[in-house]
Ligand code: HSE
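Shown next as structure tokens: one chain only, the form predicted on its own.
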């Protein structure tokens, strides 16, 4: 049995405009790192958390990375002790799946450290248990793309049915993260319980068209489909300069632009790297006008999900 493992788990963009709670994709950067090691002492212990500014608890029963480990140890009768380090490499409340990355990273790490040989489908439910701590619901549009990599579609939740989607090789994502936080739990409370029939028709039409665009490599269709009639009208109001950011991205050549998860991060897709960089500069200029600090991430589509950095 191996004694220590360090893994990277990627950030994710969920919803992708039209696919609330049913679509998402993984990024190459940013992401979290999780370290697990076996010990002679029984139980699960979180020994260190970095990059969290003291916001996360060391109590594994209340931590998004700790809960999956607890559940896996119970189910598989794991008797050895587990020590964990969590190294946050992305901002909290950013809409980039920070909690999902920690949950997936821990789940993926324990599977490889103890050679459990569990499939992604089996690992997903443990990662979802961790995500529940942060968001209050077991939605999978962050944890699934983080775990599987690439674009995913969640056909249903009872049971969870994950469909992996191919996508064009030359597809790049620009993300701008304004330096404010938006709570996923609180953001979900603001969403309407129902929407007009015409909006619903437009929403599922866009969702189907986005899948078609990804599978056929139709960039224009991808761009036209990143349109949201459900969450964007509510959540966009809480993101400074959102309308201006979106307009600047589209004018700079982005295929489409929308809110990443519950925000405040905003993502844009482009068909080449140079355009993605140009889009990033244009998006950032809108926040610079109001002197709001921000981070820009430019990434390809991460098609592999988490990865092992070191295994001892």
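Note that this is a predicted model, so its numbers are computed, not measured. Numbering follows the first chain given and starts at 1.
What comes next is about the form predicted together with the named molecule, which is not displayed.
Participant: Just to confirm, residue 63 within 4.5 Å of the named molecule in the model of the complex by heavy atoms?
Facilitator: Residue-level check for residue 63: no, no contact with the named molecule.
Participant: When the contact criterion is heavy atoms within 4.5 Å, does residue 297 count as touching the named molecule in the model of the complex?
Facilitator: Flag for residue 297 set to no.
Participant: Contact with the named molecule in the model of the complex for residue 31, defined as at least one heavy atom pair within 4.5 Å: yes or no?
Facilitator: Residue 31 lies outside the contact set for the named molecule.
Participant: Wondering, does residue 265 line up within 4.5 Å of the named molecule in the model of the complex on heavy atoms?
Facilitator: Judged by the heavy-atom cut-off of 4.5 Å, residue 265 is well away from the named molecule in the model of the complex.
Participant: Checking a candidate spot here: are 15, 20 and 139 all in contact with the named molecule in the model of the complex (at least one heavy atom each within 4.5 Å)?
Facilitator: Yes.
Participant: Quick one: which of 181 to 189, 80 to 88, 117 to 125, 160 to 168 gets within 4.5 Å of the named molecule in the model of the complex, going by heavy atoms?
Facilitator: The contacting stretch here is 181 to 189.
Participant: From first to last in sequence, which residues of 218 to 247 have any non-hydrogen atom within 4.5 angstroms of the named molecule in the model of the complex?
Facilitator: The stretch 218 to 247, when checked against the named molecule in the model of the complex, contributes only 235 at the 4.5 Å heavy-atom cut-off.
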